[in-house]
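Same protein, same chain, two forms; see structure 1 and structure 2 below, as structure tokens.
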Structure 1
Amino acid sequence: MNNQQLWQAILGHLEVSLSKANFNTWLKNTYILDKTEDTITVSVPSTYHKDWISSKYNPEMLKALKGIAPEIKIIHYQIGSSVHKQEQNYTQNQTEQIPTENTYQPNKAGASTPQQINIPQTSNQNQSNLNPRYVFDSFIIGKNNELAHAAALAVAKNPGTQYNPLFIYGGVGLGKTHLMHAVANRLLADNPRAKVMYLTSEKFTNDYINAISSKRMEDFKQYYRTVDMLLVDDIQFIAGKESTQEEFFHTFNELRDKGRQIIITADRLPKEIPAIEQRLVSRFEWGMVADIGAPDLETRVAILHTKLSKKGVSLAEDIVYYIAENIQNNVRELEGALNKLLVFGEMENKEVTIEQAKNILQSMLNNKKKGITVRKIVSLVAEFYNVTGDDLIKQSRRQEFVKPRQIAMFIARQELASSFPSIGEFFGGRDHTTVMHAVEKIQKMLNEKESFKQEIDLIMDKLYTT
């Protein structure tokens, strides 16, 4: 049994016991690099894959080896090593192959080219407004995003057939746009002739208004309804725009009827977007709805290590953990803090110490809370739950106001360290015990329901980015 057959047998054993999403996310892009008398060395895509596979799946792999190759007692994991051409072909054929009969060929003009690691810089890609850096290889997978990542990979392999539309929701700077671009970049790598379009919902609205004013609606329809893949960012901004929603409804229907892939992002679930037509909500839910939450500590550390590796620089581990522990809700801020320290180290021409890191980032961490008031918290919570700020403050016990009111009290307590009496006074002169009860109830819900935690994370993102 050669290395290829051995690894295929091990993966076959694991595939039976794992969900498809987990198998595709963690094990599909792995293969054997080397085999000695009692050891195999396995190639994995990233540091995070290495840590996750070795801790979660290593026992199962060793168990499978007992019946296949009992002489193997140890599995080593190595990140992205170059291999012989034979191994590369095996990897493509066994773990990344896209069957010809399922390959997306929207223009019916020639078969797609084999998948390539480097995305070709075609004029089509430039016209599509894609970021060539946003590819699957540079996306760090964690518990917060593994479902969305797995769904995006599935769409990339069979656009227009599975998970159409793909609706990804989550807070600012968590990777929604990265994933949608990764799907489109993969499509263009396979089929450079494909017509891909990325835009924000605001641009769609503006183009629609301009088409009406210039009497060029037919051109508008031809432009938007003939693409092979349409990516729309921040769809929540078409809320309340009835004519735009009407036009997007028809665009959506025509593209989907033709088997063209649609990918949409938003800051919340479709049904939680206020002032949006129910028929659009139902269509957004036709395919796959996947969330991206705030990354946990391990994922944040993995992101920082990946950024450092790509830049070819190093940073003391205690500094990496300090950044990860203090910047929790936004990947962009995480990278911004890292860049700030690297620039300082480059200017000083010496390694940054943990004391210097704390001083440098102190202003950044403090500035996050500047401008945050109870009134702003109330306004954002009310907007999120499609009620008014007055609804949360007045003496009403209607159920649709109670939960948002308690959330606003909880955030005011957590983020501003306001006293219970002062919070109660702001919320219509309520007793401090009412506030204490609200804070305790919300904390309990956070501990018990992951979906509720995601709601709070979305509100927190808006609090610090608007």
Structure 2
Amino acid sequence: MNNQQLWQAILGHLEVSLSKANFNTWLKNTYILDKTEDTITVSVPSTYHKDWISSKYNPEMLKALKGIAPEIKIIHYQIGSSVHKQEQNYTQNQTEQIPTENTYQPNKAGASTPQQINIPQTSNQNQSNLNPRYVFDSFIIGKNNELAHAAALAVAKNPGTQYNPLFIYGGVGLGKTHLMHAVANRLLADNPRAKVMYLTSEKFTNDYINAISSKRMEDFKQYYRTVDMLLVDDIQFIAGKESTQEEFFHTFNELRDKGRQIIITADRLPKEIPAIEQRLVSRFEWGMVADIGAPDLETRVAILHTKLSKKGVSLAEDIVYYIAENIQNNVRELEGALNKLLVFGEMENKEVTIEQAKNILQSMLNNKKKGITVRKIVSLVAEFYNVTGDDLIKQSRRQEFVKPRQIAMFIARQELASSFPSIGEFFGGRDHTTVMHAVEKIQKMLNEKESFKQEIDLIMDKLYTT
């Protein structure tokens, strides 16, 4: 029996006695790293997993081992590397890159050397830029988004023809990014060689500035003006940046003239974006402008049901309605509330009652953002990864500090919407581009690895409950 078979056999024993959700949260991304005469070393995703598994499941595992490999008396747990063996097995025939901590070297804070511009060279990299879970199939259609959805579908079927550009606008967490990725994912499914570029307007600005300072303007133009589909998320952040707007104007014109599809999202209508050139506004209105509003109750319930069935877990209907009635304006928060209840149920190892659900959600709604500071984020993340808060702020580039530091930056950006420079300032005066890079990198890992997402969810839970 090889290590993988041995581990499958042990997990098989545990699977019968655990709920599926519980099993997935704690054991799905584990594997045997090493086996000696009487010991196996098991890789687990985080310290949190390590503590939990060793205190809760160790006896059960040893019991299972008696029947399968009686010589093994000790199980060691080790926090895993980000390249996961099992996932390597799943993806070994693909060219997809799984990021490792080693691939990214943050810029030295305060260094004045020009930054490299980060222009992807192949379409494979474009693919990894997209969230594979953001597809049409997982997008629930309601009255609030049916126009945007229909337009997106039309664009996916006939890119570069009818609705160019497609401009989708609406509030935070309502599915703009999801829909935009769905179009690109569909295009790539139909035509894997298509060159798709997804980026935020902040990244466009940053790449443009770097291209100028490193005298690579030709590369920049060559890259952006030759894609088959350009997706620019949250264009409102281009406000006030005149030369970036100028460059974007030319990129836009050239792509559109060539019949390449452009999709843009914003939090408001083109003409309501302040400090943006009139000629851009009018171009944004050339194609199709579609809004996404807040979902109605039925749509919110449908979204919750879909998420539950995808996770393979059930939740009492009155609780589903309770969540849907209380979280109305943001699908991301709707998902967050659901996850929170599910994690609670897993920890307790029993069904959540409606009273518990009310308590948990009420405290979540009350606590939201209250008392959350960058300092608190840093200390929680540090605790989670067994390092100190200082380690995250100091200049050390040791690998064991780099990932938690990037995670803390990411959470600060996401939860507090702090600006990149102010986050950089907090983290020992680092450059804002370092923060941007960290946020992008973590987002990419979140998109690619479910186990990493669970890890971050655990940290978020702690953030809102302690």
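All values derive from a computational prediction rather than experimental measurement. Residue 1 is the first residue of structure 1, and the numbers go on in sequence order from there. Throughout, rigid core stands for the largest set of C-alpha atoms superposing within 1.5 Å between the two forms.
Form selected (criterion: the form predicted on its own): Comparing the pair, one sees that structure 1 is the form predicted on its own and the remaining one is not.
Once everything's superposed on the core, is Asp391 shifted 2 Å or more at the Cα between the two structures? Yes, the C-alpha moves 2 Å or more.
So, does Asp257 move by 2 Å or more at the CA between the two structures, with the core held fixed? No, Asp257 moves less than 2 Å.
Is Lys203 among the residues whose Cα moves by 2 Å or more between the two structures after superposition of the rigid core? The answer is no; the displacement is under 2 Å.
If you line up the core, how far does the Cα of Arg405 move between the two structures, in Å? C-alpha displacement of Arg405 between the two structures: 41.5 Å.
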